[in-house]
Structures are given as C-alpha cells and as structure tokens.
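One chain follows as structure tokens, the form predicted on its own.
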Amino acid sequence: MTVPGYRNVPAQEWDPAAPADPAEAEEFLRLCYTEVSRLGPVEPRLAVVRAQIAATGTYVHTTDELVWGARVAWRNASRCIGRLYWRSLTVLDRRRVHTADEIFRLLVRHLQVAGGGSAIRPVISIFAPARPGRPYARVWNEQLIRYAGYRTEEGVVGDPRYVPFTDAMRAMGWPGRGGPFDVLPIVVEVPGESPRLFELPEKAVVEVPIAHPELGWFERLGLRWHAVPAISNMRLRIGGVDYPLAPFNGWYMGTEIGARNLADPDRYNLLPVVAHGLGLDTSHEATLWRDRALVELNRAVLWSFHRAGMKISDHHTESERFLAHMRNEEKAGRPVPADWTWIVPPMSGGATPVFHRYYHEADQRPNFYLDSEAAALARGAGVRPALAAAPLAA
C-alpha cells in the first residue's frame, strides 16, 4: 500500500500559490455542519464560501469551523496514539496576530496554558492562514521546547539530533551555554523581515528532574526533560485552507522520553550509562542488558513525572485508550486512520494490544502535514550568511 504520509511515502508537496480547492472546502463544510448540528443548514454557508474563493482564491473560517476543524485534524492524525481525547483540544484563535514579537508572546502563552500546573492540557494555537501566492509567518523549530547539541572534541554535549540547528542558531547570534539541557531559542519568521531569535523565559519551560524510585545513583546523572511536547513546524490544513503556523501539544507517553529521546544511540544514548550503573554484563547482546537498562530508564521517567505531579502516560495504558478510541469511532461510523509503525510503542510492542491488528491507512482531512522546507529549517538548513547577524530578543 502506498498511501502518502505512511511508511515513509512522502506526502504531496504543498503549493502555497494554489487557491483553495472548492471541492475540499465543500467536503469539509458538509462534514462540519453534519457533526455540529447547532450550526444549522450548510447550503447558505457554501454559497458564501464559493463566492469568497472565486473572488480571492481562499475563504475565511468561522470560529466554530476553525475549532471543529482543528479537533478533527487531531482525530485524523494517523501517527498519534493519544486521540481518545480529541474533543478536549483547546483551540486558541490567533489569526489576527502578525508581528514576530506578538507571535512569540503568544507562543509563550501557549506553553503556559498547556503546562500551567500539573494538568497538561492539549492545546493548539492557530495563527494567520497562508494566502495564495503570498509569504506567511512560521516558526523554524520542530518543537517549541528542545535541547541544544554542541560539538566538542570529546563528542556531542546535549542532544545530537539538534547539533545542526544549534550550529545555525549560534551563527545567528545565540551564544548557547554548552550544557546538556540548554533550551534552544525560538526562530520566528514573518513576511518582510529577517528571521528573529527569541529566548523562552524560564516560567514557560516546565522541566522534570529524572530520578529512580530505588536507585539513588540515578539522580546523580543530572537528567531532566521538559513536560510539554509542542510540535511547531507542521502545517494544519482545514477545508483547503492552510495554516503554516499552528503549534499544538498533548502530553508525553513515557516511552517517547525513556525509549527514544534519552535512549536512542543517535540521541542521548543513555542505555550504556544506565547498564553500567546497574552493574550489567554488556560484553554481548544475549545478556539483554539493553532491555534491562531500557526498563529501568523508563521506570525512572514515569516515576519522576508522577513524583513531580506532571501528567504522563505509560505505553500499556495508552494502547488501551487507543483501542477505546477506535471503538468510539466505529460506533460513530467513522474509520480510524492509523500508521502501525507509529501506533505500536517503541518498547514491549508485542505486549500491547495495538500490536496485534492491522489499521486503516488513509489521508483523511482536516490533518497535519510536514512540508519538506519546514523539515529542512528544523534541521538548521535554512541559515544563510545574510542572517548571521540577526538579533537575539529576550
């Protein structure tokens, strides 16, 4: 099967100059007004939208359409296991904001709304849509909170995934501090201006120190991770209208941190460190030292978040919740698009119920898309010599 966006099949490239597709707009509106019955009949709205597209190449969503479209985009996100709560998404309408300073201020506000207190809330901030053939605002960062990676003679300090992006930020004037958990600056690009760097204030970044319920030496590793995973470079598409700046977050599943971010060999690569602390035999793979270290690292992440009172989910619980979501959707007569390679957790996959079945693969819209240019900017590939002197804002 070759469905765009699945199993490394590239999604169709976005053409920012193309007008809104009237057929896609109609399909979205009919679905919206069917599921949200209080909106009334759809035909008068369709007439207005057709006229707007004919006159301007696009149309403007009402607040109700925007909120419903964003929530359904989460419902259709085939790589997300946590869709049971799609109706609870908090939608922040930021379409009237255009300056870099205001955008950054509202990104900080997003993190505060999402991570204020221990109850991590799913939130999306939707900024101005792209207009056919016109430049648009965007954020370069892959996520609003990520840690820098520094090249040194002894190897990488910090997150190796973000070494190129860190190099790009330093070329643009960010000094960095050289630590293993330095929060990267936010790059905001708006039409008519050079990209600008902004430092996130401490109050916007909630972090959890990582310790272990039984192993005292674990805390001395000095590990920590941020509590709000806010993806910031994916394009939201609702009814043929594209929103290039629409950062959104849920909450972490423990394995995202403990089995990927901290464990992957090309990330923090902590399994050998944990295995050494546990006194495991690492001389050959058959001792399963990696598996034993992986379990303790993931126990530490879950226990630390619970100790701090921060919301997090384990992969067994989240797998059960996803199947509950599928049952809910099947009762509603809706297919559930899912990418098996993302739905199955990266740890103990065969021990979770999501492993033992096939899934419906389809590009259902509204949805989120990662464009090749946005992906390149998040890798630090967007810096040009002319940008090297871009100012750093507080």
Ligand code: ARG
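Counting begins at 1, following the sequence as shown. These figures come from a predicted structure and were not determined experimentally.
One more form of this protein should be noted, the form predicted together with this ligand, which is absent from this view; the next part is about it.
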Hey, in the predicted bound form, is Q143 touching this ligand, heavy atoms inside 4.5 Å? yes
Can you tell me if P229 lies within 4.5 angstroms of this ligand in the predicted bound form, counting non-hydrogen atoms only? yes
Test of understanding: in the predicted bound form, would N76 fall inside 4.5 Å of this ligand by heavy atoms? no
Although this ligand is absent from this view, report whether M253 comes within 4.5 Å of it in the predicted bound form, heavy atoms only. yes
Which one of N298, S319, N261, N233 is close to this ligand in the predicted bound form, taking close to mean a heavy atom within 4.5 Å? N261
Interface stretch in the predicted bound form with this ligand - options 285-293, 213-221, 299-307, 243-251, non-hydrogen atom within 4.5 Å: 243-251
